[in-house]
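Presented as C-alpha cells, the chain that follows is alone, the form predicted alone.
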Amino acid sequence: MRHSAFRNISTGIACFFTCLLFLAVGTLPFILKPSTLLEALLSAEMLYSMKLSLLTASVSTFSVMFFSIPTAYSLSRYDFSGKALVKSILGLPMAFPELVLGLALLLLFGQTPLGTGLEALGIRVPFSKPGIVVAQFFVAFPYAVRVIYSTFESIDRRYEQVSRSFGYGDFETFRNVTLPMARGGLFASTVITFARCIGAFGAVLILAGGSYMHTEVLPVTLYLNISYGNLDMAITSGVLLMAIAFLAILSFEYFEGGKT
C-alpha cells in the first residue's frame, strides 16, 4: 500500500521534532558524572528543596482537587447567571505567563484588606512558605477544572436522572453515581495537578520569593544555581524535576491500563 506524500511529510515532521526533544531531555541525566550527581543530590540545599517541593505540591494538589471538583461539576451541570464569564476568568491563568499571575497574587495578598486580614490572623502569604502553596494552587487550579469539566461532560446524564428518579438528591447522586464514573478523569487531573504544582516557577518566584533554603523549591533551586553559575546543582534539580514528571506520567499510564 502506497502512502501519500502528505502522510510521509507530516509523519517525518512528528518524528524529527520528537527526536530533537528526546535528545534535549534524554541526555540531561548523563551530562554529570554519577559521583557528581550523587553529591549534588545529597547536599543540604537539594534535600531541603526536595522535601519542600513534595510537601507544598502535595498540599496544593489536595486543595486544588478539593475545590476543582465542585467547581467543574457546577459548570458542567448547572446554568447560572455569569457562567460564561466564570469559565473565561478561570481559563485566564492558562493564557498569560506565570510571572503575571505571580504579580497579581502578590498585589492581592499584599497591602489589601485580604492581605492585612490574613496577617492579623497570623497568616503571611507573600515571601513565605504558604505563598508557595497559594501560587501553586492558582497555577494548577484552571488545568484541573478543565480536565474534570471534560470528564463530567463525557458522562451520560441519564444515569444521574435514573438515580434521581429513585428519590436520591443531588449530593447522593453526585457521590454514588457521578464520582465513581469519573474516577479515571479525576486520577488524570490529580496527576496533572501534581506535576503542575511541582513545576510551578514564575508565580512561586514572585509571590513567595526565591529565598535560599526558605522558599526554595526545585524550580527555584535550578534558577538560583544557574544564576550563581553552579551548573552541577542546576542540572541535578532539572533531572529531579524530569524524574518526578516521568514517574507521574508512568503511574497514570499504569493505573489507566496504558501500554508501555
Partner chain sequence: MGGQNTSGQKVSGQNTNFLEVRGLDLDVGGFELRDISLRAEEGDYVAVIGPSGSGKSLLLETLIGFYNPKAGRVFLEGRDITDFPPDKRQISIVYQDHVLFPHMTVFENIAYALRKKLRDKTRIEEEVGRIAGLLEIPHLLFRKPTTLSGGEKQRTALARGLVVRPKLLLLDEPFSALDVRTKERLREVLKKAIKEYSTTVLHVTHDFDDLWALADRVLIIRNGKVMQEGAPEAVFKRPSPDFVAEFLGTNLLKGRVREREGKLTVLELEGKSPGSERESMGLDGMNPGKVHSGLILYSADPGEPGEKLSISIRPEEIILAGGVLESSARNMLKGTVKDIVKKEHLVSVNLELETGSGRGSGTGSGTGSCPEFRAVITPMSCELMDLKIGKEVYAVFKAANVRIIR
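Positions refer to the first chain, counted from 1. Quick caveat, the model's predicted, so the values are computed rather than measured.
In what follows, reference is made to the form predicted in complex with the partner chain, a form of this protein that is not presented.
For the candidate set G82, P113, G167, P97, a heavy atom within 4.5 Å of the partner chain in the predicted bound form is found for exactly one residue, namely G167. When you look in the predicted bound form, the only residue of V177, V86, L103, A188 with a non-hydrogen atom within 4.5 Å of the partner chain is V177.
Relative to the partner chain in the predicted bound form, residues Y212, E216 and N225 are all farther than 4.5 Å at every heavy atom. Contact annotation: the partner chain lies within 4.5 Å of heavy atoms from the stretch 157 to 165 in the predicted bound form, the single such stretch among 157 to 165, 132 to 140, 72 to 80, 116 to 124.
Contact check for E172: a heavy atom falls within 4.5 Å of the partner chain in the predicted bound form. Within this chain, L108 is remote from the site of the partner chain in the predicted bound form, having no heavy atom within 4.5 Å. For the chain shown alone, M181 is a contact residue for the partner chain in the predicted bound form, at least one non-hydrogen atom being within 4.5 angstroms.
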